[in-house]
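To begin, one chain is listed below as structure tokens, in the form predicted alone.
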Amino acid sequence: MPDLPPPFLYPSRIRFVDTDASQRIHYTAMFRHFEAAEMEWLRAGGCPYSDSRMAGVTFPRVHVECDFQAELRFDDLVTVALTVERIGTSSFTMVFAVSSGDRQCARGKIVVVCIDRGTQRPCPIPSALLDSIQRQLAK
């Protein structure tokens, strides 16, 4: 089995707004942390969704999931590790692992599909984005 590239690591902190009445992270807040890691990963690769080379394409999420393994509370420092599990013709799948210190706290997955703004149909991953993803996987 070939060695996988190391994950992209994004440090974050659980904010007060992320928590609910139980003083733990609200389940929906984890997706904001996933998205923040995704945006920084794209910037690090030199091809954010806002890049002019992405004009004409949208990037909706067609599948999201998250399993919580340990509690997270306000002000906990976390690391979100992002890896790419799959690259298809018009979609790609990111996997996230969230830890706090030595505790594994959550695992998740997001599938993004590239959609042509004009036709509202799936389209190939833009070449600039595909190149960026492949470069980061080759590291």
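Every value quoted in this text rests on a predicted model; they were computed, and no experiment measured them. We number the residues from 1 along the sequence you see.
This next part talks about the form predicted in complex with another copy of the chain, which is not shown.
(request) Check whether Gln23 has any heavy atom within 4.5 Å of a heavy atom of another copy of the chain in the predicted complex, and answer yes or no. (result) Within the cut-off, so yes.
(request) May I ask you to state whether Gly101 is within 4.5 Å of another copy of the chain in the predicted complex, using heavy atom distances? (result) Gly101: no, not in contact with another copy of the chain in the predicted complex.
(message) With a cut-off of 4.5 Å between heavy atoms, is Pro48 one of the residues that contacts another copy of the chain in the predicted complex?
(response) Within the cut-off, so yes.
(message) How about Arg86 - does it come within 4.5 Å of another copy of the chain in the predicted complex, if we only consider non-hydrogen atoms?
(response) Arg86: no, not in contact with another copy of the chain in the predicted complex.
(request) Would you mind checking 31-48 for residues with a heavy atom within 4.5 Å of another copy of the chain in the predicted complex? (result) The stretch 31-48, when checked against another copy of the chain in the predicted complex, contributes Phe31, Arg32, Glu35, Ala36, Met39, Glu40, Arg43, Pro48 at the 4.5 Å heavy-atom cut-off.
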